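Single chain ahead, by itself, as structure tokens, in the form predicted alone.
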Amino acid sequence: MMDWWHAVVGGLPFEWARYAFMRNALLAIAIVSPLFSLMGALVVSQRLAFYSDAVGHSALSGLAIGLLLGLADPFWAMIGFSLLFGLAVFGLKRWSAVPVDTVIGLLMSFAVALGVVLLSRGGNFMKVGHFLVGDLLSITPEQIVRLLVLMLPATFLVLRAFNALTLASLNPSLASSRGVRVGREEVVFGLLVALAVTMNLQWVGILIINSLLILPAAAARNIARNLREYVGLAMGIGLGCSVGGLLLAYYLGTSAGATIVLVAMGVFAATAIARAILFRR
């Protein structure tokens, strides 16, 4: 697959297509962007934007644990801690009297503080800089394969639960009467968000990963007339902004992840203006 991809994209008449790191980054975007946009549509509908942001910040503790354990690649430590963070959020949401946004804020503060303490004790602050800002152009073929292997089942599970989660976000009581186990579906989706966010931190960055998740969906929500349009536009905007931002970053010499987010923010602003004009009429 990789050889075919490099042969096809490498034959394009553009300067950037000559470089393997650009072809790798473009393939990673093609794999991640549709799932991110699909998840983003549900995150926005269910008002979980704060949760997805907290997951990204909580991965700092997983990273610190991985470094202290001497792991060459702290990826699995980050994944494990983020999944535990997700379970803690939904567990406290169900069993405590504290509002869910407060639960998320408390756990995020704890996770970030724990990460800072562990990193300061181990003297590993210099090793985490690229996780904060991301480096999409550093992704390797082996990491792309790992991304594909994990993203395919995650996409299947999100698609399977999409209707149930949408109904639950609109009317939990109606969803329960239709046989939807609302609590279970929320937990599964929350864990999938944690998985997807953490998997891409190294290339997008802890500081902006949440923007990449929610901006395409937020832009689509401004102009979509129904659910089908909402999802389709979110996926199209997500892929278009990711590819456009990557190419723009190449020519400007800027950070790819941050440039993609700025392009997506520009599209969101454009759709917000379009919505305001349409409503005036």
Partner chain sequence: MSPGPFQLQMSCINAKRRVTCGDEGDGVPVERGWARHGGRSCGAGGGARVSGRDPGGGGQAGFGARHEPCGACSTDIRGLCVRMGSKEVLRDIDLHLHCGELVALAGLNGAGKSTLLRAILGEIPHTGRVLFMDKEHRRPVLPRIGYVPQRVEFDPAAPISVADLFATAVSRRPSCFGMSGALRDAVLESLGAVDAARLIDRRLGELSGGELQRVLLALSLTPPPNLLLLDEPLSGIDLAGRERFYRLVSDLRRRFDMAVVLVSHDLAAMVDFADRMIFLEGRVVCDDDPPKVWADPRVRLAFGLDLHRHGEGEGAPR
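Positions refer to the first chain, counted from 1. Computed from a predicted structure; not experimentally measured.
In what follows, reference is made to the form predicted in complex with its partner chain, a form of this protein that is not presented.
Residue heavy atoms within 4.5 Å of its partner chain in the predicted complex occur in exactly one stretch of 217-225, 29-37, 246-254, 58-66, and that stretch is 217-225.
Exactly one listed residue, out of Gln143, Ser109, Thr166, Ser138, brings a non-hydrogen atom to within 4.5 Å of its partner chain in the predicted complex: Thr166. For the options Leu207, Ala88, Val180, Val98, the one in contact with its partner chain in the predicted complex, meaning a heavy atom within 4.5 Å, is Val180. Its partner chain in the predicted complex is not approached by Phe75, whose heavy atoms all lie more than 4.5 angstroms from it.
Contact between Val117 and its partner chain in the predicted complex is not found at the 4.5 Å heavy atom cutoff. Among heavy atoms of Asn171, some come within 4.5 Å of its partner chain in the predicted complex. Of the heavy atoms in Arg275, some are within 4.5 Å of its partner chain in the predicted complex. By the 4.5 Å heavy atom rule, the three marked residues Arg47, Ser176 and Tyr230 all count as contacting its partner chain in the predicted complex. Within 4.5 angstroms of its partner chain in the predicted complex, the stretch 72-102 places no non-hydrogen atom at all.
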